[in-house]
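Taking the form predicted alone, here's one chain by itself in structure tokens.
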């Protein structure tokens, strides 16, 4: 038998949000709206040259991002979605026996990426109200800790981390440990007290920030994300990145999306309003739901999770169920949300 890494064979598989023909899909935190015509036109134009390799350095895209974020181009690294950039950060920071700390439950890919790098995942339970327990995460840091992941807002619970909380946390973390603020859902975060990753990047030498074009910009199918990090860190990310991992289609679509940001922000405003409507309707129906800062809401269904998930599917609603923790429901279009609300009202919230 061919030898393989035993640790890889023990890895849990990343689970993609499921879809069922004819059902309302609210399982993947996708933008429910089609691409803007200005962005689609750019992608169509690039099809004529797809026999050519893309710019591996993504120079044009990195330049636009750097100007937009007020940082240097040398401080930008890109990848095939923020999950791939997270993998770069972990691979560049941690190896055999090193530790990576993160909250749990949080983004499902974190422990997988850590173990692929050969490092040790250190999962710190969330608080009783589904928030990052930053004091406990700080206490979990050891001399072997190389990187800490802070998901703000947290996926799948939607809870945020405040500026004051993250400042206190940073003061407790050794300066040689990299803290990554994963802001995949930053565009939907309307809490004025929430920590701003870019602000922390400017104030702390050991902070990096993750952003993606998959959510608010609606480019999930093209796979493009980026990190803002100190030049040495960003350079190392480019060293471990998959060569040509970000296609020319993705690079040009991302640039076009940044140019159309105001139009895209109008869609974000609609989704944030729909999120508030969902939370209000769920509470009126008796569900105990926390505020969310992402494009999703979190049902704390605990051991009832499989039954509630099955009841939703029976009514053609596909959400994202997490074992016996809860169910994440993506905020869709108003019509999609109406279908979900009609279904959830038939289920006992107790």
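Given the structure is predicted, the values throughout are model-derived calculations rather than measurements. Positions refer to the first chain, counted from 1.
Just so you know, the form predicted together with a small molecule exists too; it's not on screen, but the next bit is about it.
Residue 214 is the only one of 194, 251, 206, 214 with a heavy atom lying within 4.5 Å of the small molecule in the predicted bound form. Scanning 100, 151, 89, 78 against the small molecule in the predicted bound form with a 4.5 Å heavy atom cut-off leaves one residue, 151. Contact annotation: residue 238 falls outside 4.5 Å of the small molecule in the predicted bound form, judged by heavy atom distances. Within 4.5 Å of any heavy atom of the small molecule in the predicted bound form lies no heavy atom of residue 157. Proximity of residue 223 to the small molecule in the predicted bound form falls within the 4.5 Å heavy atom cutoff. Of the heavy atoms in residue 107, some are within 4.5 Å of the small molecule in the predicted bound form.
In short, of 266 to 274, 186 to 194, 114 to 122, 215 to 223 it is 215 to 223 that has heavy atoms within 4.5 Å of the small molecule in the predicted bound form.
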